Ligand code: ADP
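Shown here is one chain on its own, the form predicted alone, set out as structure tokens.
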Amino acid sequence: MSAALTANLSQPKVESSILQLKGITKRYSGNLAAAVREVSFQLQQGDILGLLGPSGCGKTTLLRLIAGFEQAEAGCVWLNGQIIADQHRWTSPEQRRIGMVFQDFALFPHLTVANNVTFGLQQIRRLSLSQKRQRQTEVLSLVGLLGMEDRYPHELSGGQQQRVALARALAPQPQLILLDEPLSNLDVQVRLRLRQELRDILKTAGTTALFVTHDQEEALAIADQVAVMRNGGFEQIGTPEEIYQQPRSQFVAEFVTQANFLAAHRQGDTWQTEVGCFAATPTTGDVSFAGCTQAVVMIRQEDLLLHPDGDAAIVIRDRQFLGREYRYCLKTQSGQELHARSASLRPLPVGTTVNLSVIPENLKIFPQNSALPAQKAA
């Protein structure tokens, strides 16, 4: 985790946050590398945080540490100003007032929708039977399932089962809800629809939530804050706009933006690449790395503009129609593949040779401290 990211977390502000982690580390026996490595962040009331990253980066382990299903070897967890886990204290999962929505929903197949939803209310003795029924009605109304109380899980669609799981987690009015890839088992069209529904439900309920996903678009669409994880730690945390528009590392840029990356060599005040030269100015995100002559230029697909030219060396190898736009697969003279997206109503034919231009203020330049990411074929 970078010094800049940890600086404002050196002094806990537990009174103003629902959830705070500081220095959480977890290793499994036999593994030298930490599954979760010195993770620190705060989550405010009503905010939704998306944990985004590739498989094996530590997202689900971090979720389980917060829920109490795992114990950290170092660090501290606060929930609503109270320490629930550190080196000397550990609160059991059922006492943390944290709701959980699992990847497979984990509904009880022998219980009706109503009984699944009220399952978590049975242990709350202060609630009368009428209060439990009222709460059941409230959460079923919130998730749009009123009238389905007597159905069983196998009688519901995948999207409806997901809503039941969410209603069950919301029913006890937890301080925090954790969701482990809640949409991953659904069809693509259902996932797209439920993205907005999930955010609307959580916002209407005023619930603070943290969800795990490896889907970049899902994280950007649902979350107020996005944390990109890599090798057990936070590579960057910020708003969806900050993560997409101002990635702090080549890893974040590659994983989130689906951008093109070009090797660049600095000569004077310009970065020279295979497809053109770009000024080394602050508008290109040049971090002025002293003495560095080799770099990587990031160009987002939507910022790469195509200009037909019969004498050009770049050729359109393939074209895909995506409904609102076209996605072009380009091959450079060296054989590298680039991708561009265009909403033009006059698509360019496959085989057209083109020159390229870019929107300079949207460029990002990184030191060449690792191998260029592989450009995937269309």
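Numbering starts at 1 and follows the sequence shown. Bear in mind the structure is a predicted one, so any value in this text is a computation, not a measurement.
Quick note: we don't show the form predicted together with this ligand, though the next part is all about it.
Novice: Could you work out which of L49, I316, A35, L338 is the residue within 4.5 angstroms of this ligand in the predicted complex, going by heavy atoms?
Specialist: After the contact test, the surviving option is A35.
Novice: Just one of C57, I66, L43, L330 has a heavy atom within 4.5 angstroms of this ligand in the predicted complex, so which one?
Specialist: Selected residue: C57.
Novice: Suppose contact means a heavy atom within 4.5 Å; in the predicted complex, does that hold for all of Q103, F105 and Q160 with this ligand?
Specialist: Negative, none of the three is within 4.5 Å.
Novice: Have a look at 305-313, 340-348, 23-31, 319-327 and name the one stretch with heavy atoms inside 4.5 Å of this ligand in the predicted complex.
Specialist: One stretch meets the cut-off, namely 23-31.
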